[in-house]
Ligand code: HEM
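Just one chain follows, in the form predicted alone, and it is written as structure tokens.
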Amino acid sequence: MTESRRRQPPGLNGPISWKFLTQSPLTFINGLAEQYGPVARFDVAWYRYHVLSHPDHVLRVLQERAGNYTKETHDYWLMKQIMGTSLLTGDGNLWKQRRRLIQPLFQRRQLEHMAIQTVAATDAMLERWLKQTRDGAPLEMVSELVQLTLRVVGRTLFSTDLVDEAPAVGTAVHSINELANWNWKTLVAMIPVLNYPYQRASGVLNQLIQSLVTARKSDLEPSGDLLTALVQARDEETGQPLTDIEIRNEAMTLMLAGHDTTAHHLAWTMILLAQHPQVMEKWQAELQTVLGDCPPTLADLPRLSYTRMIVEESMRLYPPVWAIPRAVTEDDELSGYHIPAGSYVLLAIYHLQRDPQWWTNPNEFRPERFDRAIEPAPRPGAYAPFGWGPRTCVGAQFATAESQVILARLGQRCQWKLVPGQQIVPEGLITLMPRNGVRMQVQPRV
């Protein structure tokens, strides 16, 4: 082994205080990257972690040597207890097979169905908002948007309104997210089978999804939702369908992963627009020119170019998946430092997308930086809110289109402002969320 491969990265010595680590994982991880550079190490009990914050590391871990960086981490272990083995939690040949089978499901027909359902769900939410806020009462926007995106994923995935028809689902999803967030805070897997709220929440979701799968398989006139597509999917190499358990796992994954990230991304986008009236004014002009009073459709999205830039820029500043963990199976070398097998890496996406090495005025909200007629594309790996390469999130296009449709409809029908005096602090758990939520006053757009 060469001297460079034995070179240890800089970082913190000794076990890290639990209290210090759990107070703010985002501040802790970001601080290590700022203090020690592109590779920084720290220990939690007997676990060794490496914080990686260079674009080349994204390419190395998620593309060039993806097989060496697996999902055998504590948080993915917990996800498996909830979602089972699925595209999100799987690795190796199973991941390739599921990716090959599920990727075609997100075709244009499904995106068109999603856009229609999204507008309907957003309009229903807006009617309730505008009734509730006639007296100026504020809304807690994060919880409102979580309800909205859960409704959208229910209608798109199952043709079922999860919020109205299965009220316990929202509570179950919240309980599972709380458990997952606790696990991420501590970076140590807990035993969810001993956790009663987990058992109850998981049972509610399992029962619901299994009943929907059973009904869909016997439906003589199936709908055009994603659950139908999962039931009808066949592997292009083997011709085999998914089993009931595999359908359940993928449906559970799409439901849980498909609404929480989008809700928090939308919350950050609304915050940024409220804080930047000039951007809001320019955006409103685009909505009026392209849409007028007509609801947005999938066909409108290419013409809503500034809306897309806003979505991409807010995702740069506040990526829902702010860090990507992986387990190291074989020794490697990154930036001249030895990365031993058996350790873990954390791709620091939040830090990377605000690094002044790769971004001009990185903390400024400027959607025009994503106008390719004005500025070149960022360095490969410097912008990775959905991962990278073959490991890019299979639902990235779906989630981006959903965000654009919801945002456009909100912008057409209402205006909002932040309630004065509140502190908006990013909290990095499973997703990047505003700590303690965010309160907004909403009014109809005249």
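One rule holds for the numbers: they count along the sequence shown, beginning at 1. This structure is a prediction, so every number in the text was calculated from the model and none was measured.
One more form of this protein exists, namely the form predicted together with the ligand; it is left out here, but the text below deals with it.
For the candidate set 337, 268, 129, 76, a heavy atom within 4.5 Å of the ligand in the predicted bound form is found for exactly one residue, namely 76. Interface residue among 36, 386, 49, 28, judged by heavy atoms within 4.5 Å of the ligand in the predicted bound form: 386. Within 4.5 Å of any heavy atom of the ligand in the predicted bound form lies no heavy atom of residue 411. Residue contact check for residue 258: one or more of its heavy atoms lie within 4.5 Å of the ligand in the predicted bound form. Contact annotation for residue 262: at least one heavy atom lies within 4.5 Å of the ligand in the predicted bound form.
Within 4.5 Å of some heavy atom of the ligand in the predicted bound form lies at least one heavy atom of residue 71. Annotation: in the predicted bound form, residues 276, 290 and 405 none come within 4.5 Å of the ligand through any heavy atom. Between 314-322, 301-309, 369-377, 137-145, the stretch whose residues reach within 4.5 angstroms of the ligand in the predicted bound form through a non-hydrogen atom is 314-322. Annotation for 238-257: interface residues with the ligand in the predicted bound form are 253, 254, 257 [heavy atom within 4.5 Å].
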